[in-house]
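Next comes just one chain, in structure tokens: the form predicted on its own.
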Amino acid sequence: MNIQNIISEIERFDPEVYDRFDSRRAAMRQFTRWGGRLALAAVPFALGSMFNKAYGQSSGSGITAVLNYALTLEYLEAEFYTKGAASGVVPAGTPAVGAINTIRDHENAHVVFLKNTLTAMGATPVSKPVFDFTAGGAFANIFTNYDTFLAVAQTFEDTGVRAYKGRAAELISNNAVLTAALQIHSVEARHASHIRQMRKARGANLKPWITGKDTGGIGAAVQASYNGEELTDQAGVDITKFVSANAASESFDEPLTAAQVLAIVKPFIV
């Protein structure tokens, strides 16, 4: 990758990047000096120094930690769908093949984006963990039984939606990163709804959204991903005064804390 490619990647990451410097001209002079003076291997270090000055606290350990947290979850989902698509567990010749392949590609795109963003900010992307998608044997037939595969997929997606929501406020100091995280969050929500529809088509008794803290028939093994979703009070307003308790819980997704999410995914990480 040459210096112009790197500049283009920075501009794509944050269209307002030049506004964070004294002037666009000054920033471009700095980019040009790098292109003339620095070996390509040294450019990431120069970029890191430049971004630290441009973003100040917004590129510090707080945002870095949140992005690496998100990256770990995206590693999990990307590898899960990649292995699932290659395993033959999805019935051949059905629309499900295209759906799972599309979700796989989305998750891998999220991984690439988060890694590139962290690198552009001068941070080190966390390494991909080793995963055990059987969760120590709890889902031993994960890649041979399609219903088990979909059940775990639903749990990962529902957890991911709540995970992004739980840490979004920590990104508020960097509009570009917050916007991208919310874009990923909404795609994860679409994944969750679609996987639920795929399970319903196979006879599962569930809706495209979460009702109360119901797991959709999966059971106690994934209950932690749904606990707290039964909340019907929002910002001090009792929603059950206007609709049923089920409708009140369905109308609002609840966030998960980092500790809750890490406890949920821990059985899947070796």
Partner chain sequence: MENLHPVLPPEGNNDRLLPDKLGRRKFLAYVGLAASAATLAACKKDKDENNMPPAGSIDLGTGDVGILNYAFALEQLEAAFYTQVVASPYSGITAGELALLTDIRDHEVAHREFFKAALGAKAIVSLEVNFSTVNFGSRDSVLGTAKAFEDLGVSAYNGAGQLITDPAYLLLAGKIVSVEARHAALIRDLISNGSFADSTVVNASGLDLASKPAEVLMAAKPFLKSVLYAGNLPTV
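Residue numbers count along the first chain shown, from 1. All figures in this text were calculated on a predicted structure; none of them were measured in a lab.
The next section is about a form of this same protein that is not shown, the form predicted in complex with the partner chain.
- Note on the partner interface in the model of the complex: the residue among Thr179, Asn141, Ser87, Ser127 having a heavy atom within 4.5 angstroms of the partner chain is Thr179.
- Contact check for Ser251: a non-hydrogen atom falls within 4.5 Å of the partner chain in the model of the complex.
- Although the partner is absent here, Arg196 lies within 4.5 Å of the partner chain in the model of the complex, judged by heavy atoms.
- Remark: Leu73 does not count among the residues lining the partner chain in the model of the complex, judged by a heavy atom distance of 4.5 Å or less.
- The closest heavy atom approach of Trp209 to the partner chain in the model of the complex falls within 4.5 Å.
- In summary, the region of this chain contacting the partner chain in the model of the complex, judged by heavy atoms within 4.5 Å and restricted to 99 to 107, 77 to 85, 131 to 139, 144 to 152, corresponds to 99 to 107.
- In the model of the complex, the residues of 211 to 239 lying within 4.5 Å of the partner chain by at least one heavy atom are, in order, Leu231, Gln234, Ala235, Val237, Ile239.
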